[in-house]
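Have a look below at one chain only, the form predicted alone, in structure tokens format.
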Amino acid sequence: MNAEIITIGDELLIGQTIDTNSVYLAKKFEEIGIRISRKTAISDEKSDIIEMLQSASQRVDLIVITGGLGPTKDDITKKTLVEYFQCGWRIDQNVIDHLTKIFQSRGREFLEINKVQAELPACCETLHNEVGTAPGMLFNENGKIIISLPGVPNEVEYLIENQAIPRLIEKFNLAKIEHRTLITLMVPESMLSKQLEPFEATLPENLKLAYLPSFNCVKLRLSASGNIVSSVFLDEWFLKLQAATHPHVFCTSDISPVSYISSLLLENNISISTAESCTGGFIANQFVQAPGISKILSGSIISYSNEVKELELNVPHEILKEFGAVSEETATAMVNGVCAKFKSQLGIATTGIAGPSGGTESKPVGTIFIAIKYLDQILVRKFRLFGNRIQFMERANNCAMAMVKEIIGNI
């Protein structure tokens, strides 16, 4: 089954807001066998909305709209849908009750403008929004389903998972799509492709292998429709994929490298600290996103200046003077200093040149030294990374995770 996503909002078109809803929707729909064939962003204009609905309904049986359901004058999606379906209005008392409860809990007055949220097209089915004020709407006309959702991401997620998907599964005989994903780090996509040529040559037609590269990381996703092959069959081929990818398999879960390392450290109660210069706390920030990380994350020092490296990490002035801040020697001193300061078993230190300026002939922009210390072992590597400053930090983070896994071994 194919579907289209229509995102509504001038803020999307001018780059003021990043559209994360389409990414989420595409992923959730694929899980239940619905393929997104097109995504379109349009302005808050009635004519644009009607034109897109008319054209999309000629191509697919399911259309999902996000945005334009607020109580203000610039939110016109609901009014446009009433015109499109040529229906009247109704008041949903359940929405009124829900809004009353929300405003009372927040100690706010329930204004007339807010009651507009309970006015819905007469021909729609209400999708109750437990986490927000704007309900979703489902229209079922002439075999075509149109789902209209608010634009707030957490509300989209709630409505899709708790309201829309159960209805779609009940209505359609959907072929569930199953995936198995493994992650590789520090291996170019082209090298992996060459290595996996024999595997891909024997891959059955009902299984598909996808390469998903990003920031020194390549995900390999093996996919099959649940109605075509069994989970056991897919698992067997996933084991073959792991063997064919050896020794480059970092993990066999569809999670970020730092999430995998966080779980590994938590399982083994290994304390960690970071000393970051060029990454400016980026790596520590990735770690603190893991639930429960407070049990093992001792602390972090952003040692951007040489003075902080000396004062907080006890990096000898002589090392900085002789070898420079961007050097193997400084990275080693930094990781020793941070482990000693926080009494952590594992330490990560970064020092480099993120650019766009500051490079030299011997140390061009993108040069970074990463030091990892685990108990009495120290591993230091020099990398040349590419991209803007954010991409530099993303790549550095993945490089560090690969080194952490290498130094802690098969614990």
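From a predicted model like this one, the values you see are computed outputs, not experimental measurements. For the two forms, the rigid core is made up of the largest set of C-alpha atoms that agree within 1.5 Å on superposition. Each residue number is its position in the shown sequence, starting from 1.
Just so you know, the form predicted in complex with a further copy of the same chain exists too; it's not on screen, but the next bit is about it.
- Interface membership of Y158, defined by any non-hydrogen atom within 4.5 Å of a further copy of the same chain in the predicted bound form, is ruled out.
- The closest non-hydrogen atom of E197 lies within 4.5 Å of a further copy of the same chain in the predicted bound form.
- a further copy of the same chain is not shown here, but in the predicted bound form it comes within 4.5 Å of a heavy atom of R59.
- Contact check for I147: every heavy atom lies farther than 4.5 Å from a further copy of the same chain in the predicted bound form.
- Of the stretches 161-169, 244-252, 230-238, 273-281, only 273-281 has residues with a heavy atom within 4.5 Å of a further copy of the same chain in the predicted bound form.
- The contact with a further copy of the same chain in the predicted bound form, taken as any heavy atom within 4.5 Å, belongs to S298 out of T80, N336, S298, S263.
- Site annotation in the predicted bound form: the residue of I63, V365, I42, I378 reaching within 4.5 Å of a further copy of the same chain with a heavy atom is I42.
- Shown here without a further copy of the same chain, the chain has V23, A26, K27, E30, R35, I36, S37 in 21-37 lying with a heavy atom within 4.5 Å of that partner in the predicted bound form.
- Once the rigid core is overlaid between the shown form and the other one, T360 does not reach a Cα shift of 2 Å, moving by less than that.
- If you fit the rigid core between the shown form and the other one, you'll see the Cα of V23 move by 2 angstroms or more.
- Once both forms are fitted on their core, the CA shift for F323 between the shown form and the other one remains under 2 Å.
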